[in-house]
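In the block that follows, a single chain appears as structure tokens, in the form predicted alone.
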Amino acid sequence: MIGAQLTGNLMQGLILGGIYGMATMGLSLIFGVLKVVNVGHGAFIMIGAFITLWIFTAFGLAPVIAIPVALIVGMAIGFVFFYLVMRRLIKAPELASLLATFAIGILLEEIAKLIFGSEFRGYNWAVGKIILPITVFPMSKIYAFIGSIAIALLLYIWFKKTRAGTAVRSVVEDSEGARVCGVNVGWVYALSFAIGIGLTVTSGVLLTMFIPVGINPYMGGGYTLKAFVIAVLGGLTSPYGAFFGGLIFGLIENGSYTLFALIPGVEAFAMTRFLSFLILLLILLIKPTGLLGAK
């Protein structure tokens, strides 16, 4: 019985992990190109969640329609914040960019609170389910997982096959060398920041397709913490490593929750979060570049 429950939860964790990984790709991309740690990461996920809620409740459209909308809105927000704030902090001390992204996150949360209020919200998108002997998969979760894989593959193709993607990779390798070779480094910074924010906002859509409740202006804090663990797990500068790190993290999170729930007197959710940061500490001690990162 316990084995079947654990297996079912691991399958659920794998799907959720794909969404976690996609949610972390933007964080890793921004750090890999700009060397900026976006501590306001969760606030952008929250924006994607509210875009989904708005499209579903106001127009009755399926949440999948919100994916391209969130990407466009997220990239627009990314360009705005880059040219207003981040462009001035590229060469500034790390603390300056940390404070700036933290302030941006708070600003977005308070704007969302003014518009939508602070109460928890959700929606019900009933599109059927797959019933297995050990677990049940709502089709909305399957669609979210497929969406995360599709977006990750499109990003990979963009990096490898397009001129803009090649320019981004060259800046990651050596920004000064890329500048000498004629690459507009400033534009690459802006584009990378916009794509990173666009991916993050889009991940909010996918997360609500998996967990369609609990949407509120302050929902992003927990996802920010998880994203940092996943980013370090996969290699902080590698968007692809972040995706695979998300798969691993999803398995660990759901699997450990099942096991902790069997221990009397133990708060399984709290212990799962403790385990996440224990893993983060061990990775930093053993392999600081992450499982898929390189020196």
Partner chain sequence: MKGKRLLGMITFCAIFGLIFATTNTLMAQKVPEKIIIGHPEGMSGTYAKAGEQAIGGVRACIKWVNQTYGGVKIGGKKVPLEYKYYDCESKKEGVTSLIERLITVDKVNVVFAPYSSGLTLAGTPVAEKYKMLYMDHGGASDRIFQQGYKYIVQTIGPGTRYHMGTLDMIRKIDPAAKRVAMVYEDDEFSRMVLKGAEDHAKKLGFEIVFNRTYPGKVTDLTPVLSDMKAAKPDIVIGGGHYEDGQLFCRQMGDLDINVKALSLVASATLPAFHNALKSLAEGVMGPSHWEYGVTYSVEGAKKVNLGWIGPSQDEFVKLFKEALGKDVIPDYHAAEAGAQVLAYALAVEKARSIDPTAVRGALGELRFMSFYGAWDVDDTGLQVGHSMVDMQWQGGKRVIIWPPEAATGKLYYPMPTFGDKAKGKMAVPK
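Source: prediction; values computed, not measured. Just so we're on the same page, rigid core means the largest C-alpha set that superposes within 1.5 Å between forms. Numbering follows the first chain given and starts at 1.
This next part talks about the form predicted in complex with its partner chain, which is not shown.
Which of 209-217, 72-80, 147-155, 170-178 sits within 4.5 Å of its partner chain in the predicted complex, heavy atom basis: Partner-contacting stretch among the options: 209-217.
Contact check for Lys129, Pro138 and Tyr223 against its partner chain in the predicted complex, heavy atom at 4.5 Å: So, yes: the whole triplet contacts its partner chain.
Non-hydrogen atom contact Phe244 with its partner chain in the predicted complex at 4.5 angstroms: The answer is no: Phe244 has no heavy atom within 4.5 Å of its partner chain.
Partner proximity in the predicted complex: Leu61 to its partner chain, non-hydrogen atom cutoff 4.5 Å: Result no; Leu61 lies far from its partner chain in the predicted complex.
Contact test in the predicted complex: Asn184 vs its partner chain, heavy atoms, 4.5 Å: Looking in the predicted complex, residue contacts with its partner chain do not include Asn184, since no heavy atom lies within 4.5 Å.
Contact label in the predicted complex: Leu16 to its partner chain, heavy atom within 4.5 Å: The answer is yes: Leu16 has a heavy atom within 4.5 Å of its partner chain.
Within 4.5 Å of its partner chain in the predicted complex: residues from 94-129 (heavy atom criterion): Read in sequence order, the residues that approach its partner chain (within 4.5 Å, in the predicted complex) are Lys113, Ser118, Glu119, Phe120, Arg121, Gly122, Tyr123, Asn124, Lys129.
Ala268 C-alpha relocation of at least 2 Å between the shown form and the other one, rigid core basis: Yes: Ala268 shifts by at least 2 Å between the shown form and the other one.
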